[in-house]
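Only one chain is shown below, in structure tokens, and it's the form predicted alone.
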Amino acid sequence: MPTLLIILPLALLLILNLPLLRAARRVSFWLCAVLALAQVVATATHMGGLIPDLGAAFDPYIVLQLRMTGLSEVVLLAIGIVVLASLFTARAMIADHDERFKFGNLVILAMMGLNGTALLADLISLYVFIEITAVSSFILIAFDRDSDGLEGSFKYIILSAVATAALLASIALFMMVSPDTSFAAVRAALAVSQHSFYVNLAAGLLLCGLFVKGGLVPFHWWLPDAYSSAPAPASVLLAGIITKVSGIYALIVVSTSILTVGGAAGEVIMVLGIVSAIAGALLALGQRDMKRMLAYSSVSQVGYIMLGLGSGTALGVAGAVFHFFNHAIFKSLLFVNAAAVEGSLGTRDMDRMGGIASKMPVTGVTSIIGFFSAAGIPPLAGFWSKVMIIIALWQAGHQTASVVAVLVGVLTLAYFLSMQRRVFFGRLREGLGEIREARMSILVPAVSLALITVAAGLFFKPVFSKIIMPVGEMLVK
């Protein structure tokens, strides 16, 4: 199956853009949606052991080093879900058929890059697919060709170029001590290498490049502009999965497959996790723009993932992986609802809103679910992943970081309650009496994402024992 997850998006892109099949543009949305849904179903059933490896027949013709692990399955499932949410949001927000066709092409290109990143097991190929994702992201941010989108895309390009240079320099240095760039070969070479200066420099450059891609403090300043200036459907994809896979997933894989997560790399990750969690929450408190508040919230939530990873324990890494998935779901939900609000009101300024839950009840209720999961309110999924991380930090002797994680949860609840009060609660603001609930193509992903968040929390015990904890134990050997 790993090979199919790269081949099928590429094949769909080629088919949709053949000159003799222009009629395919009319059904391109549904073809893209079916592909994303097929990935969700295939990954979920593969995780349950219900289907065989259907892509094995292609393996002799693929030179890439691919691997399907429990971590890959969790990430691929999140990719499929978020891509579906982005496509449905685009169907509601983009009226022009040609523009919608172009958007679908970019989403499928990003999906191919994300799938490759989740499956590859060597540094050079990992870099290539991260860059495929980045190129599609640049265009998605500037998709509307307005000044804000072009500015946000330009900032992302500049920072991404710095990250690219760091990643390439790191790979070159690793090749000085390793026969090839596969994760296993690099890890084995580092274990016996005497070139400590080059190894440490390579590790530092690799981590810095991925910190930029993941939007960690102090490399985060491109992220709020990119998220807020991008079109609403693109924001769902960017915030929900692109930066998480390109930066955070890659950090998890590199830290556990190549470096020693409990060593110096773990300490660096821990410190940046604390700083990102605190800074992101404090910056979110002062925002008026709804999407910018959600963007800074992403910085803070990524800090939690880094804290779990930096703990160096199986429970902590399992919590980081679970929070990765939870964040992809509830942040996509919140950006879908931000699109619904912006589409109905024509503004993202929360000071110009108020009481709209009476007119948009489904959006209001699903937003509460997303907010509470992000803040770690039981029994939603976000509560369990945060509890796992806090307990792991305490057991590993990082009591200060554990206390910080609890306090940041309080800050998260504070800024999300502020958003909920200014946007959904209270008396309906004058002049908003004519607004209506969002279109069905936005409500479907919003309700679906909310149900996933609730279900992952209510059925936490089997999810923890059968999926999440085995992933943590596999990564921390």
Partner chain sequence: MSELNLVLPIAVPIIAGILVLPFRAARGTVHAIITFAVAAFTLALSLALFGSEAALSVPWAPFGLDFSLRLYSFSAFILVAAAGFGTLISLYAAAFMRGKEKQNQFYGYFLLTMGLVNGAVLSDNLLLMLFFWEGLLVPLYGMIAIGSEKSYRTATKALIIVGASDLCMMLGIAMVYSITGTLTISKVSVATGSALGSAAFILMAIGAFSKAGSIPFHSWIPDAARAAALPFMAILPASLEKLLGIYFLSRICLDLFALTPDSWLSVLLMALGCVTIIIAVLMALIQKEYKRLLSYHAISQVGYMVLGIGTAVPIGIMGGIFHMINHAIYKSCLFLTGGAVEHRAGTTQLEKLGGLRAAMPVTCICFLVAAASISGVPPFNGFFSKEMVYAGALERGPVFYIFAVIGSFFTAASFLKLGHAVYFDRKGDGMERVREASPAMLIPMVALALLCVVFGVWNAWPLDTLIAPSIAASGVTPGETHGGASVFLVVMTCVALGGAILNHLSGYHITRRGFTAVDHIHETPGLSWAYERAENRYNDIYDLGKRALVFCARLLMKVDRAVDWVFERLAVAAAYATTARLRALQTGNYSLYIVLCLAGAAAVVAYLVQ
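Positions refer to the first chain, counted from 1. Computed from a prediction, not measured in an experiment: that's the story for all the values here.
Below: the form predicted together with its partner chain, not depicted.
- The contact residue chosen from 283, 274, 314, 93 relative to its partner chain in the predicted bound form is 283, the criterion being a non-hydrogen atom within 4.5 angstroms.
- Note on contacts: among 205, 253, 345, 350, the single residue with a heavy atom within 4.5 Å of its partner chain in the predicted bound form is 205.
- Only one listed stretch (215-223, 72-80, 320-328, 236-244) carries heavy atoms within 4.5 Å of its partner chain in the predicted bound form, and that stretch is 215-223.
- When contacts are judged by a 4.5 Å heavy atom cut-off, residue 155 counts as touching its partner chain in the predicted bound form.
- In the predicted bound form, no heavy atom of residue 88 sits within 4.5 Å of its partner chain.
- For residue 292, a non-hydrogen atom is located within 4.5 Å of its partner chain in the predicted bound form, even though that partner is not displayed.
- Using a 4.5 angstroms limit between non-hydrogen atoms, residue 270 is distant from its partner chain in the predicted bound form.
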